[in-house]
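Let's start with one chain on its own, the form predicted on its own, as structure tokens.
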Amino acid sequence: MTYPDLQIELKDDIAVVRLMRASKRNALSDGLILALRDVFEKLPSSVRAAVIDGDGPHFCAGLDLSELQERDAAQGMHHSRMWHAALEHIQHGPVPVIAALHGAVVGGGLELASACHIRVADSSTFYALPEGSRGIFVGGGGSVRIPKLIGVARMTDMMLTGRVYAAEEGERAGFAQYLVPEGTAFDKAMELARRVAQNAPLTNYALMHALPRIAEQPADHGFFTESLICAIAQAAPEAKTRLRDFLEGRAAKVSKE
């Protein structure tokens, strides 16, 4: 798979997907969004986890406004739905995805990051949603995904006032689960991806696909869904082997280190 603005590299069972528009701060063009959709739709079956990174000093500064066209309401809706379909392949695709964040994570870049399952930010990272000041609204799924990370009130404030979150306060707010020194986000993301890739694939799939849905279900529905997923996961041959290894002392025990 080759794309002009996207680099794909397989490192054993990890797919590294890198935005390659550094001269535009990795702003998202329609072509780049469609390339991301294509990549995550067609990942090789050998891949067990993926890392999304951005070339240069920024992860992604948002929508490429030079491509912004005048659209009627129907065209605007279909354009937004195209983004939704692309990012859906990341959030509910075949493997867990870790985002390596640095520099600008702004607008559509934050929408892309929020579709990933784990976000690692370095100390150069900053977050913003400038759509409010530009007379537009998020259209890549941000109004659904971002409030689940930081809450509706924080997102409303960001869009109304243009507030920018620096790396440390962004981690506290919930944008990222990890904060590392500048220049090390990719290394940490790869470390996590390797760890994630060692899990049973069915368990990873359940965490990506079932857990978010259970969280949105009424409690009684959630308990029932959980029981079904639990039964399916533990019935898998790999799960039985792993449990046997633990019980017979061949698997590492949990420790604080």
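Residue numbers here begin at 1 and follow the sequence given. Predicted model, so just to flag it, every value in this text is computed and none were measured.
Heads up, the form predicted together with a small molecule isn't pictured, but that's what we're talking about next.
Colleague: Each of Ser66, Arg134 and Gly139 having a non-hydrogen atom within 4.5 Å of the small molecule in the model of the complex: is that the case here?
Modeller: Yes: each residue has a heavy atom within 4.5 Å of the partner.
Colleague: Given a 4.5 Å cut-off on heavy atoms, tell me which of 37-45, 56-64, 218-226, 205-213 is the interface stretch with the small molecule in the model of the complex.
Modeller: Looking at the partner contacts, the answer comes out as 56-64.
Colleague: Is Ala27 part of the interface with the small molecule in the model of the complex - any heavy atom within 4.5 Å?
Modeller: Residue-level check for Ala27: yes, a contact with the small molecule.
Colleague: Does at least one non-hydrogen atom of Ala104 fall within 4.5 angstroms of the small molecule in the model of the complex?
Modeller: Within the cut-off, so yes.
Colleague: Against the small molecule in the model of the complex, would Phe126 count as a contact residue? Criterion: heavy atoms within 4.5 Å.
Modeller: Within the cut-off, so yes.
Colleague: How about Pro94 - does it come within 4.5 Å of the small molecule in the model of the complex, if we only consider non-hydrogen atoms?
Modeller: Flag for Pro94 set to no.
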